[in-house]
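In the block that follows, a single chain appears as structure tokens, in the form predicted on its own.
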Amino acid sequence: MTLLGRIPRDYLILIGLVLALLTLPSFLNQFQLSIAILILYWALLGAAWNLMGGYAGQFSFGHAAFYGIGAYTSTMLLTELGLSPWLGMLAGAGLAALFGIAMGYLTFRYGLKGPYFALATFAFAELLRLISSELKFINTSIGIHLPLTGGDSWQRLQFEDNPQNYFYAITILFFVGYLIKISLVHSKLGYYLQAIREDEDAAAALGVNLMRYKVTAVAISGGLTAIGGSFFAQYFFFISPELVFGVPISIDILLGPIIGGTGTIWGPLVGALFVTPLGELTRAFIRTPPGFLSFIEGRSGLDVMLFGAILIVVILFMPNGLVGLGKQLWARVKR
């Protein structure tokens, strides 16, 4: 067997994908590049959620808690201490992981499962949103504007002259996030998490420490989510409690994995490839509808309704996600 034959296929796919992505900015205009950045951004966040919700089977409805911790940590370290956002990302990931350990221990210690665990994660995110809205040292609910340095700076993660560098930055984070995910899925930890997802009682009977591995999944998932929150702060130059701890963030994070396929390596990426352009297309459709639908032009909120309706149809007819549908079709072709 050759050396390449001994490398798991997912690693080879990731390397090939990243090499292809590095050439992409040459073929895209500014708008298309911004969509590509958002696709990789949501794919990273979806992969983080998938470790906990897809592989460990612990459905979270409060990943905004980790996201906001990452955004505020890197922002405060930058604005108060002048620390590079790259270091701020690591600090935010560490704090989010610690918060995940505490949250996981408290919820699992008292046996919360299924919808009760999901509601508990939502409660933690809302708690952080309410607390941060009252803290003066982070400017309460007013939010924080990040200082602009002008020009391009990899150290400050700001690119005024060459915005395509944001694409390269998110590609680096995407590569690191998926490398961690693939490594974990193909490790003993990954097999334990999948055993816990399928049947906790059976996994415990076989000697799997449920508390340890579920808390570990929450911590790793939270740390990777915080990195996405840090990138958001640098990309949009503004954060607020409602923006980074709010319910919409938690929903947006889990949409990709659910549409693409939970408990799969590439489901979050496939979901992001579907959901992100779909949002732009529905907005464009309502802004400039065909002539026979001119009465819906510019109707506020109609694009969101259309977007939601399409997602509902996808979920109803493809309960295993787009990746699951692809596997089913491939199995039929092979037969």
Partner chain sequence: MRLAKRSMLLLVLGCVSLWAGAQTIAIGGIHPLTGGLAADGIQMDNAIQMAIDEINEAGGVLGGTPLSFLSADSTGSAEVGQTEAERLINEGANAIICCFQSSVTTNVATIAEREEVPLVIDVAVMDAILDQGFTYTFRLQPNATAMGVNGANYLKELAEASGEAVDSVVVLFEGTSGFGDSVREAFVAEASELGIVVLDEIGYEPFAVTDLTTEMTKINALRPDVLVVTGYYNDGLLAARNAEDVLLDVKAVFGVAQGTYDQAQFVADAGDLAECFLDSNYHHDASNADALAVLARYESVYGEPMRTSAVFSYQAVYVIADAIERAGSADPPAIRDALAETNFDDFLLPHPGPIVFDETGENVNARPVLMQVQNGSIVQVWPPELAEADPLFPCVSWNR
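If you superpose the two forms and keep the largest set of C-alpha atoms that fall within 1.5 Å, you have the rigid core. For clarity, every value in this text was computed on a predicted model and none was experimentally measured. Residue numbers count along the first chain shown, from 1.
Although not depicted, the form predicted in complex with the partner chain is the subject of the following passage.
- Proximity of Asp10, Ile101 and Glu198 to the partner chain in the predicted complex is absent: no residue of the three has a non-hydrogen atom within 4.5 angstroms.
- Residue contact check for Gly207: none of its heavy atoms lie within 4.5 Å of the partner chain in the predicted complex.
- Taking non-hydrogen atoms only, His145 approaches the partner chain to within 4.5 angstroms in the predicted complex.
- Remark: Tyr235 counts among the residues lining the partner chain in the predicted complex, judged by a heavy atom distance of 4.5 Å or less.
- Taking the partner from the other structure, the partner chain in the predicted complex has no heavy atom within 4.5 Å of any heavy atom of Ala118.
- Contact with the partner chain in the predicted complex, defined as a heavy atom within 4.5 Å, holds for exactly one of Ser153, Ser133, Thr79, Ser84, namely Ser133.
- Only one of 280-288, 262-270, 48-56, 306-314 lies within 4.5 Å of the partner chain in the predicted complex by heavy atoms, and it is 280-288.
- With the core held fixed, the Cα of Thr288 is displaced between the shown form and the other one by 2 Å or more.
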